[in-house]
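There is one chain below, alone, in structure tokens, taken in the form predicted on its own.
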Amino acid sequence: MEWLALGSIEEIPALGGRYVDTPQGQIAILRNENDKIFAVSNRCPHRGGPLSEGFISGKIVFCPLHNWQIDLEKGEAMAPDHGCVKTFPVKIEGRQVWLGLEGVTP
């Protein structure tokens, strides 16, 4: 696994996120109220809404288009909706955020 430096926690909006372009597509980097960072594909399984523009509460992101709720640890839509997004590993060293990507060459 290759680790991509994303910057400091403070560069990710609290209760929101941003996205990064990677060889695996756009990945939403999201920060909750406790400074926990999550990484998921930046595309809601419903209509492709940009999850990086959604609202974060706990371990849930609310899609900005139709308010679908996605569990950020499992990548699964919350009932009654169905669908999932890919999740990616994240690590924090100091205040630096790192994104784990499989099969990426430096």
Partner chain sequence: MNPVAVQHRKARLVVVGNGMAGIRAVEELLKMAPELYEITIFGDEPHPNYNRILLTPVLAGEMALEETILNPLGWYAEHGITLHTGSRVTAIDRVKRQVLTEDGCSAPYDRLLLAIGAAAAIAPIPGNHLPGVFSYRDMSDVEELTRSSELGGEAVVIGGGLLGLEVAHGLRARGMGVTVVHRRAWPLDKQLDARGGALLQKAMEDRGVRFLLDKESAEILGDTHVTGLRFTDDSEISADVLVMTIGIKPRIAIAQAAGLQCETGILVNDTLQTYDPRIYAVGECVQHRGQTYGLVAPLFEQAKVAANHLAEYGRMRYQGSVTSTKLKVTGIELFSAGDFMGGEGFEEVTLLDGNQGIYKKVILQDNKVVGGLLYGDTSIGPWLFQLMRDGTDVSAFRDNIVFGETHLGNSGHAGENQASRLADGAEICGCNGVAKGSIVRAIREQGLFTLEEVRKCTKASASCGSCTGLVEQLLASTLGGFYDSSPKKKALCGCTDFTHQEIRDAIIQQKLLSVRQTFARLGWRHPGGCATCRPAVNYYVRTAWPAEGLDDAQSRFINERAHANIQKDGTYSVIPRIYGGVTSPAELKRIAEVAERHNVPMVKFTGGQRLDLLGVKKEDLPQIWAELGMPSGHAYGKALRTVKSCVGTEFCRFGVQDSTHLAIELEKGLERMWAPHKVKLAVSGCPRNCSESTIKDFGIIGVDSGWELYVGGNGGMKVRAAELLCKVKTHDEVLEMAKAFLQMYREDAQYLERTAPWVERVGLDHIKAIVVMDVASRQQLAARLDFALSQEKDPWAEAVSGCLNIHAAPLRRIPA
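Residue numbers count along the first chain shown, from 1. All of these numbers come straight from a predicted model, not from anything done at the bench.
Unshown form predicted together with the partner chain; subsequent notes refer to it.
At least one heavy atom of I12 is located within 4.5 Å of the partner chain in the predicted complex. Looking at E93, you'd find every heavy atom of it more than 4.5 angstroms from the partner chain in the predicted complex. In the predicted complex, no heavy atom of C44 sits within 4.5 Å of the partner chain. Interface residue remark: V85 is not counted as part of the site for the partner chain in the predicted complex, having no heavy atom within 4.5 Å. Using a 4.5 Å cut-off on any heavy atom, the residues of 35 to 55 that reach the partner chain in the predicted complex are, in sequence order, R47, P50, E53, G54, F55.
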